[in-house]
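Shown below, as structure tokens, is a lone chain in the form predicted on its own; questions about how it binds or moves come after it.
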């Protein structure tokens, strides 16, 4: 189960509405915020893909300027990958020597 800590910067005038919206998501916990529009947010999801989708969704909310990862813990997911229980989708590939020129 990945757990990610994020620093979110929002437009100060949109902060209160955004806090209400974030409180509607059971995977989201806001640990703090200030008058300048900085929020400390922790996300906890079942998979990395779910976290990526949630970050994408939350990043599009009205007033969000940026949504920056500060910390990610996914040790149990790594163990599942190593045991062959899950296979993550790889969205990039290594260039072959002939492709790099």
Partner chain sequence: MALSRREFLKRTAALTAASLVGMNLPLKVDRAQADADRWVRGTCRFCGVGCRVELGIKDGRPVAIRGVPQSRTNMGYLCMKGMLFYQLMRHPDRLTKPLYRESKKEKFREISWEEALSIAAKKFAESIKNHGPDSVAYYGSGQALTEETYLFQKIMRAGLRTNNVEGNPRLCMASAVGGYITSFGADEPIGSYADIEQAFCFFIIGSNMAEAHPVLFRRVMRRKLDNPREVTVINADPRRSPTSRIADIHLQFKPGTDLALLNAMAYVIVEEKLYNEDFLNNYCTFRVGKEKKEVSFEDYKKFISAYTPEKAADICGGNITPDLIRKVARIFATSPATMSLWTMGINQRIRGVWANNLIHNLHLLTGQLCRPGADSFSLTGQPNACGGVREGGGLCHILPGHRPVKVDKLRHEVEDLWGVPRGRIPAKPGYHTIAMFSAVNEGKIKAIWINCTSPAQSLPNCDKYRKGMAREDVFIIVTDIFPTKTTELANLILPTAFHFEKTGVFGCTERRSQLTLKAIDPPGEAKPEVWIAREWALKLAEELNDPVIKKCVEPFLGLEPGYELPKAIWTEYTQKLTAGRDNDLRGATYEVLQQLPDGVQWPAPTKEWALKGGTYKKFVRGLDPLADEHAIDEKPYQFYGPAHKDHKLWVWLRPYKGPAEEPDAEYPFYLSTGRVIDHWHTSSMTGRIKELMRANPYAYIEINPKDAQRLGIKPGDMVLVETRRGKNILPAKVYEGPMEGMVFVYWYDMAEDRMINRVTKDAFDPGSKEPEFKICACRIKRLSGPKPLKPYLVRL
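Not measured: the values here are computed from a predicted model. Positions refer to the first chain, counted from 1.
Although it is not shown, the form predicted in complex with the partner chain is what the next lines describe.
None of the heavy atoms of residue 60 is located within 4.5 Å of the partner chain in the model of the complex. Though the partner is left out of this view, residue 40 does reach within 4.5 Å of the partner chain in the model of the complex, counting heavy atoms only. The partner chain is not drawn, but in the model of the complex it has no heavy atom within 4.5 Å of residue 46.
Annotation for 31-59: interface residues with the partner chain in the model of the complex are 31, 32, 33, 34, 36, 38, 40, 42, 44 [heavy atom within 4.5 Å].
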